[in-house]
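Single chain ahead, by itself, as structure tokens, in the form predicted on its own.
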Amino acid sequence: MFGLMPNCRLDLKKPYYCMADYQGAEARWCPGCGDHAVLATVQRLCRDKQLPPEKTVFVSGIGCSSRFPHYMRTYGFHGLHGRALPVAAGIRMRRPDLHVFVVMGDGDCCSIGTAHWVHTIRYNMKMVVMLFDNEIYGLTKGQTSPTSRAGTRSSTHPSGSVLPGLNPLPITLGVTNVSFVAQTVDWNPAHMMATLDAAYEHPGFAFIRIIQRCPHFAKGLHEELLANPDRTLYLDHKQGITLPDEVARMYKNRARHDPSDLIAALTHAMRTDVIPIGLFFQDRSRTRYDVYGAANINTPPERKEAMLNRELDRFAV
């Protein structure tokens, strides 16, 4: 008898992915852009979670932030302006085995993509959604964005914008079936990493607003926040975003906030005297549309055809 003995096997070592395994093309953002910090943190998350690059996909729309998939050595889809979420929803529905991340800018999400944003929150499909909010249109050279605060001087409002800026947090919290809403800043990598980690582990639609610096078209906008940590409100709770003591102690301005309290989350989200960071709301029990939609993924084509014909036969004359 020839061949391998029944008890013989070849043990293959499980691959270990390092940071370089997730680094794609060289990032072409401006020096000092907060997107660089987010990119490095996301690559670190992928490494720490050991996400196989061939099982990970980044979806984006249009804008500076939406170049993100080009800078990841994973699968990516650089879509149309405002259309990142429906693309990601389609991927999640048909490929539940993939790790899905979505990257959008404030114009991409809160302007042309608003309808998709609202309905995808309600669908609550499992994905990590990052809104890069720098309060300006960067890629198209400095126009007022939906989140630009009143008085912002731009190429479209040289005398200063008239309307108050849109706040994405209470809008997201107000949508039916919302399950995870958090906020972080690009200049605190420890907090950003902890926020991304919590979002990745969440079983549903995890929405993170990242306050992000644009050193060219919104120069100096966040200098006060950087210089004075007391302008930041750290939402502290054992069920929220926790930080190491050496990082947490920089925030003297704290609030004990239970992320299961939606009304308190809305109250914090609407504050303008400080910038709250942390986990505003989380409910792991919310209904997920991708779980419902994945029920027929492994159905053989013959059975699908038979089911379709059976339904069509009901309308035969």
Partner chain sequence: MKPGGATEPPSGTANPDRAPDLPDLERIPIEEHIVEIVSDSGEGAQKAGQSFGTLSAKMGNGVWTVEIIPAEIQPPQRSRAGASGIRIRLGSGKVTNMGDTADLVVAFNEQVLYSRIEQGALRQGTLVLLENKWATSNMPEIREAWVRARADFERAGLDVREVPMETECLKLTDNPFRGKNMWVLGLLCHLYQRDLEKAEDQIRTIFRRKGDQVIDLNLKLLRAGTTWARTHLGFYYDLPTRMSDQPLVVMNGNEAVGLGAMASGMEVCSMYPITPATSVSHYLSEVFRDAGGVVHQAEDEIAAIGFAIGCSYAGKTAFTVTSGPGLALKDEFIGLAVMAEVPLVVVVVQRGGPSTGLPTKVEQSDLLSALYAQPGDPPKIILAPATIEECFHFMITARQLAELTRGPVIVLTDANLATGVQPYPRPQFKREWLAPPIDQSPWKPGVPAYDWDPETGFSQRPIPGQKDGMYVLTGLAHDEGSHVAYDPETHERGCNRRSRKVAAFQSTLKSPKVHGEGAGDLLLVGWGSTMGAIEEAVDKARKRGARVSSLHLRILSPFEPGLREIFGGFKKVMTIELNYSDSLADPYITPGNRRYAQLAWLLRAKTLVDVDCFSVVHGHPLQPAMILEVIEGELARLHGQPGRRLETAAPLATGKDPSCLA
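Positions refer to the first chain, counted from 1. Keep in mind it's a predicted model, so treat the numbers as computed, not measured.
Here the subject shifts to the form predicted in complex with the partner chain, a form of this protein not shown in this document.
Scanning 231, 119, 157, 216 against the partner chain in the predicted complex with a 4.5 Å heavy atom cut-off leaves one residue, 119.
Checked against the partner chain in the predicted complex, the candidates 149, 126, 237, 95 yield a single residue with a heavy atom inside 4.5 Å, and that residue is 95. Taking the partner from the other structure, the partner chain in the predicted complex has no heavy atom within 4.5 Å of any heavy atom of residue 243. Using a 4.5 Å cutoff between non-hydrogen atoms, residue 91 counts as a contact of the partner chain in the predicted complex. Although the partner is absent from this view, residue 57 contacts the partner chain in the predicted complex, with a non-hydrogen atom inside 4.5 angstroms. Interface residue remark: residue 80 is counted as part of the site for the partner chain in the predicted complex, having a heavy atom within 4.5 Å.
Of the candidate stretches 80-88, 180-188, 149-157, 219-227, only 80-88 contains residues with a heavy atom within 4.5 Å of the partner chain in the predicted complex. Taken together, 142, 283 and 285 are entirely out of contact with the partner chain in the predicted complex: none brings a heavy atom within 4.5 Å. Shown here without the partner chain, the chain has 54, 55, 57, 67, 69, 70, 73, 74, 75, 76, 77 in 54-77 lying with a heavy atom within 4.5 Å of that partner in the predicted complex.
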